[in-house]
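Just the one chain here, the form predicted on its own, laid out as C-alpha cells.
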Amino acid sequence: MVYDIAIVGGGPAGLAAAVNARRRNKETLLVSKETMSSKLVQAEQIENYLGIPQISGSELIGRMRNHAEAEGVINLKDEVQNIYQEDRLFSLIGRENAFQAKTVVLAPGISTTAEIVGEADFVGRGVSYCATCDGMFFKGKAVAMIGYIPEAESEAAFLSEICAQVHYFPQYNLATELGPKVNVVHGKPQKILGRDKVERLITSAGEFEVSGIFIERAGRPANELLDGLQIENGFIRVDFAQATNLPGVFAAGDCTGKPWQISRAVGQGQVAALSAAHFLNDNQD
C-alpha cells in the first residue's frame, strides 16, 4: 500500500499532523519509535497548555494518541532508519518494516542527550544504534547497552540471548526486572576507548571491557534519515508552510528549532499536514 502521508515521530507534532491529515481524508501512517513520548511521560504536571491546565504529560500524550487512533490513523511502532525518493514516491525503511508514501512529515523531535566522548569515533567499529541490526556481529562477546528510553530494555534482552555478557546502563528510572542474563549497572557513561575498534567503556560506576556498545536514544538526527535535507544550526530548515527544501517533505516540532513547547509543536504539526494535503492535491496525476 502507498500512503498519502507518512509521519515520522509520535510526539505532539506528529500526532497533530496525523489527526489533521485524516481530517483531510488522506491515508495516513504514523511511525514512532516510542509507544508514548518519553519526554512528555516524564512531565508530572503541565501548567501552560491552553485550555487543559494541570494535566500530567502521560495523560496529555495519551489523549492525543487516542484522538489520532479514533480518526483512523495507522500507528506503527518502528524506527525509521532511512528515507529515499524514487519515481515520485518516498520509501521509508524501518528496523522491521518498509513502506511507501507520496509525502513525508518529519517530526522525530530531538535528542537532548549529549554524545558520549569517543562515540562518533567508533560508529561502525563497535558502536551501534540498532541491536536487532548488528547484534549478531557480537555473538559470544561482552557488550554494553546504554538506554536513554525504556524501549532499550527489549534490545538488551535480545542481546542477552546471543552475547556472552550484557551490561545495561539505564539513564532513566528503571522500573522492571531484566532477568539474570542482563547485568544492570547504575552509572553514567563517560568515555569510549579502543584502538581500531571498541575495547572499553568508562563510566561513573567503573570501567568495562566490551567489544560492542549499543546506544538507544529517543531520536536520531533528521539529516541522517534523508539525503539533501537542509539543516541550519542543527535544526531542519522550514518555511511558514513547514515545507523543507525537498518537495513533498515537511517538518514540525522540536526538530525545527526553539522554543520547545507543546503548543508550538501541535500548531506546526497541523500546518505541516495541511501543507502536505495541498501538495498532494496540486500534484495529482
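Throughout, we count residues from 1 along the sequence that is shown. None of these values were measured; they are calculated from a predicted model.
The protein also exists as the form predicted in complex with a small molecule; that form is not presented, and the subsequent description refers to it.
Exactly one of the stretches 242-250, 66-74, 24-32, 226-234 approaches the small molecule in the predicted complex with heavy atoms within 4.5 Å, and it is 24-32.
Although the partner is absent here, V19 sits far enough away that none of its heavy atoms falls within 4.5 Å of the small molecule in the predicted complex. Proximity of A152 to the small molecule in the predicted complex falls outside the 4.5 Å heavy atom cutoff. Using a 4.5 Å cutoff between non-hydrogen atoms, I5 does not count as a contact of the small molecule in the predicted complex. Though the partner is left out of this view, A205 does not reach within 4.5 Å of the small molecule in the predicted complex, counting heavy atoms only. Taking the partner from elsewhere, no residue among G147, T176 and V198 has a non-hydrogen atom within 4.5 angstroms of the small molecule in the predicted complex. Shown here is a form in which the CA atoms of D254 and Y129 lie at least 3 Å farther apart than they do in the predicted complex.
In contrast to the form presented, in the predicted complex the C-alpha positions of P12 and T132 draw closer by 3 Å or more.
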